[in-house]
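Shown below, as structure tokens, is a lone chain in the form predicted alone; questions about how it binds or moves come after it.
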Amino acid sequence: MLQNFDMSLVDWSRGQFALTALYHWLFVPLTLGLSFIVAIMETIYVKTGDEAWKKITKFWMTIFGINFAIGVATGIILEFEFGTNWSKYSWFVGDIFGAPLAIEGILAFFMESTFIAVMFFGWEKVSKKFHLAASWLTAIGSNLSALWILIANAWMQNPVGMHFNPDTARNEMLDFGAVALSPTAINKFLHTVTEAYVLAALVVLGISAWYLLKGRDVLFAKRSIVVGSVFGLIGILMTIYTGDGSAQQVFKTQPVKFAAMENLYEGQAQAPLIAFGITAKEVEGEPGHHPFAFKIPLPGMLSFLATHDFNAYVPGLKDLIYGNPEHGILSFQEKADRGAVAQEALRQLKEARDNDPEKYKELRAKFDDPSWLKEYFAYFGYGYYKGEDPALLIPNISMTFYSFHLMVILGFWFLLVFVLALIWGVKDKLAGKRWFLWLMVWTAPLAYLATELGWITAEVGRQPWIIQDLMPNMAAVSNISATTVQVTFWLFTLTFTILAIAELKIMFKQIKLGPKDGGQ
């Protein structure tokens, strides 16, 4: 069936969307976290009346504003790409996927953009308490925007709360609560925003450490470090906790991704977690099998991560490709056969709709039968791969494995940085620890790397699915030429790079000006 698809179009469309998403996510996390840090600092100012806190608040508000503007620009392009590059996807699930995005635009973004005007221009025009309320509402609005977008993304990873209408060949929402409150959505939102809080806190620490190294704006830097380290410490602890919940959801709903994250080929009970490892080349004839050239295993910890049971069985890629009847795991081929049955039933239903009412009624009843839907339609997307190489359903193992493990390693490094920054910051000992101040400066860029690695793990690890098990990305692309996508890919690359450079220049200029001038 793959001969009907232009795979270069699929690859370029994926590349363009990945490019836009990665650039977008360079700006958004700082906005999400810094909005709350600014609100906290302004709260301290309102309660104490200390003008130094007002100056601190204004400076970080300026940094927030620089990122907010460019984050909005890239986010708008990202949403448009669903219509331009992935129109078949938009048709297939528009009734579901469009709802949270519409709520985000109408409610959250409207709220955010309304109060941000008061936040920036209302210092001398409204009361202190009203201005403070505007700052908190801006922070809440920006995070609500992230909520609805992440609900939409979570539904792609774990489609729930919907029903397939065979007459229109579209998925329709049945239970909005199931979509918005699914465990996947809750964990994805909490994990994503808390990692954004970590990034913002590390940026605050890095910039403040630079001021201490330069011996300027010392009071500003010390106060900012204390607030940032407390906020960041809470954020990293929440990130670790929600990461555990996210891993359990991935194990339940995306077992191939889970196996890829740990490069687990042979399923086993008491499965070890790889603290660190180096993968070798794939074994010929065994798709997905990348033996370790070196590894440091933690016995039983992967089973515990997946189920909170050290003895639990964790299927590997071999089980998921070739099946494991003992553990009730269907093979790739069995799923492809069942998906093909669902696709053929849909094709026959379309033909019978106008020509054979009795057959139409019989086929239509299948799509209303929960047991048939569970047995066949649940694997609809696999039908595209009937008779194809099972390797096509395996994500890039090395990229998924290394992205996940480097992200985790960085997360624990951030935890150590926050603890030390808080202890030495409260004791006023940071000025004498120049080595640690430099570490804080260089840890800030690592926060951006970690958050991008998280998205690479989430999105590369679920390939080739745009909707898990229901729609592969090759069936979701628009009917446009690969050349068109290539041209726009390079145009976007140039545009986004210029925006990123401009944003960095503006932000570095503001940092050099400092809170005395830059915060006014």
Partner chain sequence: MHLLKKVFFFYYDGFRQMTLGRKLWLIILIKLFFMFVILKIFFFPDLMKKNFSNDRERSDYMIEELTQIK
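Numbering follows the first chain given and starts at 1. Just so it is clear, the structure is predicted and the values come from calculations on it, not from any experiment.
Heads up, the form predicted in complex with the partner chain isn't pictured, but that's what we're talking about next.
State the residue from A269, V419, M399, A169 whose non-hydrogen atoms include one within 4.5 Å of the partner chain in the predicted complex.
-> The residue in contact is A169.
Which listed residue (K361, K374, K125, K129) meets the criterion of a heavy atom within 4.5 Å of the partner chain in the predicted complex?
-> Result of the distance check: K125.
Closest heavy atom of I480 to the partner chain in the predicted complex, within 4.5 Å or not?
-> Yes, I480 is a contact residue.
Is K433 close to the partner chain in the predicted complex, meaning a heavy atom pair under 4.5 Å apart or at it?
-> Looking in the predicted complex, residue contacts with the partner chain do not include K433, since no heavy atom lies within 4.5 Å.
Does T43 make contact with the partner chain in the predicted complex, using a 4.5 Å heavy atom cut-off?
-> No, T43 stays farther than 4.5 Å from the partner chain in the predicted complex.
Distance check, A39 to the partner chain in the predicted complex, heavy atom within 4.5 Å | Answer no; every heavy atom of A39 is more than 4.5 Å from the partner chain in the predicted complex.
Among 187-195, 82-90, 407-415, 442-450, the region lying within 4.5 Å of the partner chain in the predicted complex by heavy atom distance | Only one stretch passes the 4.5 Å heavy-atom test: 82-90.
Across 476-492, which residues bring a heavy atom to within 4.5 Å of the partner chain in the predicted complex?
-> Read in sequence order, the residues that approach the partner chain (within 4.5 Å, in the predicted complex) are S478, N479, I480, V487, T488, L491, F492.
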